[in-house]
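Quick setup: one chain, the form predicted on its own, written in structure tokens, and binding and motion questions come after.
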């Protein structure tokens, strides 16, 4: 009696179900959009203020006012950037758990473990995929944003310190003591310009990682910037 060997059937896996989670509230999304536009305008106009290009001098100075417009855009963007940042600090105390300031400090053991997982996957590339995916910001990203917030403060302080010498407004006048402490306007201007390049690099890396995680994880990272919703696997709840 002969036995015919049948080819093994492939194991069919049960389809994975996803459910939506409202992660980024409207105030957080508005902050993110306003901050992005203001940061781009500040970097572009700040670069032109630091390095005015002769290509704009196609006529006599009194016939053109392009540099005045550049400075005006820079100053308005700086005020918007500052008050927008102040609002984000406030929302860190009244928003949902994904917006909370507690996420930005690696206090718990789980947060430090999460940082190591992200480092070995995203940065060192020891692993292809991180199985422990955070719904909001992962702990490494959140701590990086906290460092960025410190640069925000440094940029605001040095910027308004420089502006205080030509403005009688209350806000810039609060920082006129910074210039003598730092050793003069030239030193303050140097640091202010240096901080600008930090934000240029930050924007490049930030955009790259957003698309990277959207592609690798498939949880709606990019679309959540607009709608606020992310997708979470049901089987992750059992891990």
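Quick caveat: nothing in here was measured; it's all calculated off a predicted structure. Positions refer to the first chain, counted from 1.
Unshown form predicted together with a small molecule; subsequent notes refer to it.
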{"property": "Contact label in the predicted complex: residue 139 to the small molecule, heavy atom within 4.5 Å", "result": "no"}
{"property": "The small molecule contact at residue 103 in the predicted complex, heavy atom, 4.5 Å", "result": "no"}
{"property": "Residue 74, heavy atom within 4.5 angstroms of the small molecule in the predicted complex", "result": "yes"}
{"property": "Distance check, residue 144 to the small molecule in the predicted complex, heavy atom within 4.5 Å", "result": "no"}
{"property": "Triplet 82, 155 and 166 all within 4.5 Å of the small molecule in the predicted complex via a heavy atom", "result": "yes"}
{"property": "Proximity to the small molecule in the predicted complex, single hit among 42, 34, 179, 28 (heavy atom within 4.5 Å)", "result": "42"}
{"property": "Contact residue in the predicted complex, from 66, 202, 47, 212 (heavy atom within 4.5 Å of the small molecule)", "result": "47"}
